[in-house]
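One chain is shown next in structure tokens, namely the form predicted on its own.
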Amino acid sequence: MRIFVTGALGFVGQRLLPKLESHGHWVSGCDRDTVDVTDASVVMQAIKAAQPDAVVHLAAISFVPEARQNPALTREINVGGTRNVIRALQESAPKARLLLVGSSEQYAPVSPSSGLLDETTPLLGVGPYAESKTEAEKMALEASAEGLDLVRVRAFNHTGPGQEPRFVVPDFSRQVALIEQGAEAVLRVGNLESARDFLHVDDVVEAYVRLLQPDVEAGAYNVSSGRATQIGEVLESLLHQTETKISIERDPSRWREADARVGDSSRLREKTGWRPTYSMNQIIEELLHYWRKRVRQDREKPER
């Protein structure tokens, strides 16, 4: 297939493009430096030139605190950008499948002892990021009623080498690596009681590749492991992998009430045969190895 990816240079996009190519697809993409998704005419030109059989719409503000700091821009990109992609498809590639990438943040957080969230769970997430993603999904649903081939993804937390350290698992891993190299032996944390559903980015990419297949039924799909991991467990695993004595310090700027979002991916598994392949321990080990190497490389760079 001819596949067009927005947000192609982002964390997931950089993994997705080579994966699609390895499956024999013709892949093109854009990022903010080449196509501004908030510019309807530019998006129209890009889609018209690509003539895709499918589009993966990754371009978004995806970091919740950043969205909170700039809600107007978040809505402009996450909602307005999606609107422009949909209109371009309706005009220039009406038979293409749209894989609209949403988030577990669209679900309201529940207590850590609650059960799994499935695709029928109401989308009651609060805040500029969650609300923009839900608004974009509702808009796409309206287009699907008019014939758009739409797959709505709600991706739960995913991480791996290359993810920015403003996200919790790479943040903790980077802090440990820096401490091992002589930084102050204090690791700063938020609420360790919260639980999340963590996946490796490569497992998420594999799910997207499968959902692009034309014979896979359209609709909503959770991409999730179904396992709850407390943030404290992530920290404990990292501390077990270092011989350096590290103190833990609560950072008020990171603190929020304990909550959980853990997803039921039964529909994805049934329709595509997808299964996550990485354990949480493997994810943490890989990230710590990545940050140890990166911190060493940064320290060895000659000063200019």
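A quick note: this is a predicted structure, and the numbers were derived from the prediction, not measured. Sequential numbering from 1, following the sequence displayed.
Below, we turn to the form predicted in complex with a small molecule, even though it does not appear here.
Site residues 64, 168 and 171 are all in contact with the small molecule in the predicted bound form, judged by any heavy atom within 4.5 Å. A residue is said to contact a partner when one of its heavy atoms sits within 4.5 Å of a partner heavy atom; residue 269 fails this definition for the small molecule in the predicted bound form, lying far away. Although the partner is absent here, residue 156 is a contact residue: one of its heavy atoms lies within 4.5 angstroms of the small molecule in the predicted bound form. Residue contact check for residue 210: none of its heavy atoms lie within 4.5 Å of the small molecule in the predicted bound form.
In the predicted bound form, none of the heavy atoms of residue 127 sits within 4.5 Å of a heavy atom of the small molecule. Between 113-121, 138-146, 82-90, 185-193, the stretch whose residues reach within 4.5 angstroms of the small molecule in the predicted bound form through a non-hydrogen atom is 185-193. Distance criterion of 4.5 Å from any heavy atom to the small molecule in the predicted bound form singles out 231 from the list 220, 231, 99, 201. For the options 256, 245, 240, 250, the one in contact with the small molecule in the predicted bound form, meaning a heavy atom within 4.5 Å, is 256.
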